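Below sits a lone chain in structure tokens, taken as the form predicted alone.
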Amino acid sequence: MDTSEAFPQNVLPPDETKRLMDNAPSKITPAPTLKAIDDVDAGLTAAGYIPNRQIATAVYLAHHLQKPILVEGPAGVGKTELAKSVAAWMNLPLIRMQCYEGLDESKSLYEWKYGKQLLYTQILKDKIGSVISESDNLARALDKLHAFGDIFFSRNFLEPRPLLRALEQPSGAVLLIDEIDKSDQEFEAFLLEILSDYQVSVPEIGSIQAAVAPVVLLTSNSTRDLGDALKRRCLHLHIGFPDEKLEARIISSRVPGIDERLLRQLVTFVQQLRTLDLKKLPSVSETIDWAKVMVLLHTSVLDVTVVRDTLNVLLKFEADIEAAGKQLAAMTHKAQQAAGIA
């Protein structure tokens, strides 16, 4: 039987599909090695991300051990930005999967191209006469059609979603599974195979394994407790609020040319805000935004008026703004003192 007329050329016959699956890579090729933790520090810094020693160490270990990193900490401290910077530094594609309640396999791993399957079913229907001869009995005719039926659930009809796309990148990728704590426990369990072996199982095809292990970062804002099975498969990294020295370095890298005295005032003021009993403490991203606002307003010295007018950049709840407002004068004065102004 000549199957070339019965089916378009870009769809492989069953024997060829099986041959390709049998020859698929069975081992994960390691990515280029890093010689020292300092290499990570320098690489991330060059990409615009200022890491502390714990962050650089976690990335270094994840690279060598080929283990995912579970990055926890309050919102806005640079968890997602870390994944972006790793991708930029290592010159790898960033594949991001945003988690949410109800996320399932079809949205995260793969789904079948139903429209394409229907189209090719119509093509096969039109060519049915060339596939089945008049001498075929029912059993033989069904066997011939069954061979083509398997093709409809081959790799050619598979639409990869973020998880599968990350595994299929020929040179590797950075896979960001963002806000894993917003997904369901069922989805968390579904991830275990991928995080353990960098492979997925597709019932109609079999296991698909990564040729190059992706760098995987999962972020969590700790809105719910994650399962022990997931945590066992990951290196743990907690990114908290930075100290004054590190925060000053971060702002300097993100707001080039900022005046040194203004920078010191901003950092001192924000560090004081974080000691208050607020509903939401200002994050690093909000400090960066506030620094940009001050540069935009041509501010060189913090005073109570400009701080009060722009406090909504740092604080997101009216109750927090009111609580901080009672201490603005004292905190502003201390910030000026830190810069040698007052």
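Computed from a predicted model, the values in this text were never measured in an experiment. All residue numbers are counted from 1 along the displayed sequence.
There is another form of this protein, the form predicted together with a small molecule, and it is not shown here; the text below is about that form.
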{"query": "The single option of R254, R233, R165, R264 touching the small molecule in the predicted complex, heavy atom within 4.5 Å", "finding": "R254"}
{"query": "Of G227, P74, P93, P160, the one that lies within 4.5 Å of the small molecule in the predicted complex (heavy atoms)", "finding": "P74"}
{"query": "4.5 Å heavy atom contact, Y49 to the small molecule in the predicted complex", "finding": "yes"}
{"query": "4.5 Å heavy atom contact, I250 to the small molecule in the predicted complex", "finding": "yes"}
{"query": "Proximity of G172 to the small molecule in the predicted complex, heavy atoms at 4.5 Å", "finding": "no"}
{"query": "Contact label in the predicted complex: N221 to the small molecule, heavy atom within 4.5 Å", "finding": "yes"}
{"query": "Segment assignment from 208-216, 78-86, 265-273, 188-196: heavy atom within 4.5 Å of the small molecule in the predicted complex", "finding": "78-86"}
